[in-house]
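Here's a solo chain for you in structure tokens, the form predicted alone.
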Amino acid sequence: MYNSSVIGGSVSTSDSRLFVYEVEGLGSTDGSAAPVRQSGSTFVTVPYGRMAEETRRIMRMGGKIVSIRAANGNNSTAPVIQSAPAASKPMAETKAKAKKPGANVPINIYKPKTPYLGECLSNDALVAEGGVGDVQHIKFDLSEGDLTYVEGQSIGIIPEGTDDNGKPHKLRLYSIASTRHGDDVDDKTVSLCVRQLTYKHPESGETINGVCSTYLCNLEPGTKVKITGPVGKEMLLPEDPDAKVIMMGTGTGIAPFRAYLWRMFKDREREANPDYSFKGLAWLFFGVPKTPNILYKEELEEMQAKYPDNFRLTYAISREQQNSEGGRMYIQHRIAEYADELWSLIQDQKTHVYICGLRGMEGGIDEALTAAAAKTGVNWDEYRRDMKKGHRWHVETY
């Protein structure tokens, strides 16, 4: 049986071909933190059929493969003339593939055919006097079921009534605005941040109200609501308490960011999560039309004042502020202002970027970061694709 930790000797194998790896900086072969040796080379003899596996093991342990040589019968070595096929692929991989997050995240505990009936506990207006539109913070009771969720997920709502064809309405998804413990930190509620959708009919010009958003915004406490889910792994918050979390949102796109920030900075949440004490950096860019539209304003600014070294808060208030060209200040203009600093942060592997809200902001954000990355000779499109593969670039827009 092959022993992958044999150092400097031969191994018994049915394959006559053996190869000697010269490795620098190899960590302990038993998985401990102590290295085999502090400096110099370690020699590992490997059967041909185990070369790919051994290469991955060495890379995981922080080792650098200096050379691979064929071993002959008397244990002397000769250079390998032809690369071993089994080892060629791992040797070409210069970046470790990021582990996909969310393996243990709850998904679809309740489905459309068997939804959870959650009672509306409260329905509070979020837009202050003088603001634009109607946005509600709605809290539902989960105590009678087993619906659990984590920050960054969504739930589905099935509004009452039927559509124009007499069929039940289809569910709509909404980003969860509360932490996994709920607003009351008792694991018994879930909250949403919902804007009532209104738009003009393209032909008649008649004002149309969104079916589900109108249903939710007008809910009376005590009403039972059909809830499905949770769903989603795209917007999950990294578990690393030292992470740098950059959030770019407009309007009700604040919902998942509220959940992140409450988990990071709210006193009761921090008490409920002794294994997650956030010490990194959170930076929220929040775009709204007017100051009264800054959702959760008091609590955001209270957290920023309490944790000034860990939480930065930057507003883009389109109808009250001007950009550098004299036009309205949208979130993409704020990103452009801070693009060089953001690009510096983004190059840190601990940095995650989240975008949530109106899809229209994405182009401007990319434009600003393209210019910043180009100053250092980096192609932003390629870098962003690598961030996406590494689960550091998270987008949920509509």
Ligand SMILES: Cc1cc2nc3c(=O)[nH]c(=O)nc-3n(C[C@H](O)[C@H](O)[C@H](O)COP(=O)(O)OP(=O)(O)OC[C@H]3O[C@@H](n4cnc5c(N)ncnc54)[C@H](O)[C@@H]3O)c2cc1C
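Just count from 1 along the sequence shown to find any residue number. Source: prediction; values computed, not measured.
The same protein also exists as the form predicted together with this ligand; that form is not shown, yet it is the one meant from here on.
Although this ligand is omitted here, in the model of the complex all of Tyr199, Val211 and Ala255 have a heavy atom within 4.5 Å of it. Within 4.5 Å of any heavy atom of this ligand in the model of the complex lies no heavy atom of Leu300. In the model of the complex, this ligand sits beyond 4.5 Å of every heavy atom of Ala259. Taking the partner from the other structure, this ligand in the model of the complex has no heavy atom within 4.5 Å of any heavy atom of Leu147. Ser154 belongs to the set of residues with a heavy atom inside 4.5 Å of this ligand in the model of the complex. Just one of Trp283, Phe265, Tyr174, Tyr110 comes within 4.5 Å of this ligand in the model of the complex, counting any heavy atom, and that one is Tyr174. The contact with this ligand in the model of the complex, taken as any heavy atom within 4.5 Å, belongs to Cys193 out of Leu142, Ile227, Ala243, Cys193. Proximity to this ligand in the model of the complex, taken as heavy atoms within 4.5 Å, picks out 212 to 220 from the listed stretches 272 to 280, 318 to 326, 212 to 220, 179 to 187.
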